[in-house]
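Next up: just one chain, as structure tokens, the form predicted on its own.
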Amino acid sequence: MEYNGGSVVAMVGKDCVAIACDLRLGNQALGVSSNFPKIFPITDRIYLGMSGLATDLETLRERFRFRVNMYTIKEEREIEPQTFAHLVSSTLYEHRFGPYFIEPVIAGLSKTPSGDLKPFIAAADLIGCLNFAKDFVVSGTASAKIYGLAEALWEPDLEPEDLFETISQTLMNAVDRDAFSGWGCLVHVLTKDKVITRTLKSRMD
């Protein structure tokens, strides 16, 4: 889980949700790339972040893309974040005896029966045990540091700009204290009508 390094965090705001990752790809202490995003769009309303072994990350990215496309064709509708979280969980659990070394983080906006969009976040361990949260979820080598900062900085009902500031400060300050994460970060903020994506520069030492 620590071979390639990397960290991911997702946070809930007021009618919005944010997900962020660092950009480092390493071979243990050796830096390999400073532009290795760990977050991928699944639909317009769902983003998936994965930390762990880079080869498994690429494998699962394609596997999830295939399964989501099959779901869309079969059901003739877009997959909801909650459904996608269970799809991720079952995919990981299928391989529990030889697991993918990945900890996924899911952020999205789910439709309520009234048609409103509600923030949704979830995380799982490497065999698919889901963790739903109302505030934030983390994964990766800097997760202990991210937890501490997120506990201190996160507040309920943050507006999109405040949520962006909170998640980016949380991640950037946490990865500064972790040798296997860092080298800039990528942040996506999902709101009802748009997705704001920003790349931030940080310490490169």
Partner chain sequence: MEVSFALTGKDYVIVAADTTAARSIVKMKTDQDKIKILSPHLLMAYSGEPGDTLQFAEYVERNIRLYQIRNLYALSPSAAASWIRRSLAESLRSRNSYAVNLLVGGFDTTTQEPHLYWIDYLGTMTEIPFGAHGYGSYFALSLLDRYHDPDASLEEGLATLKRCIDEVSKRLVVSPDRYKVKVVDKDGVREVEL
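Here the structure is a predicted model, which is why all the values come from computation and not from measurement. Positions refer to the first chain, counted from 1.
The form predicted together with its partner chain exists for this protein as well; it is not shown, and the discussion that follows is about that form.
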inquiry  = Among the candidate stretches 127 to 135, 114 to 122, 97 to 105, 80 to 88, which one is within 4.5 Å of its partner chain in the predicted complex when only heavy atoms are counted?
reply    = 97 to 105
Among the candidates P41, G148, P160, G31, the residue which, in the predicted complex, approaches its partner chain to within 4.5 Å (heavy atoms) = G31
query = Is there any non-hydrogen atom of E58 lying within 4.5 Å of its partner chain in the predicted complex?
reply = yes
task = State yes or no: in the predicted complex, is some non-hydrogen atom of L25 no more than 4.5 angstroms from a non-hydrogen atom of its partner chain?
result = yes
request  = Please check if M172 has a heavy atom lying within 4.5 Å of any heavy atom of its partner chain in the predicted complex.
outcome  = no
Close approach of I46 to its partner chain in the predicted complex, 4.5 Å, heavy atom = no
message = Each of N4, F36 and L53 having a non-hydrogen atom within 4.5 Å of its partner chain in the predicted complex: is that the case here?
response = yes
inquiry  = Given a 4.5 Å distance limit between heavy atoms, list every residue of 64 to 84 close to its partner chain in the predicted complex, or none if there are none.
reply    = none
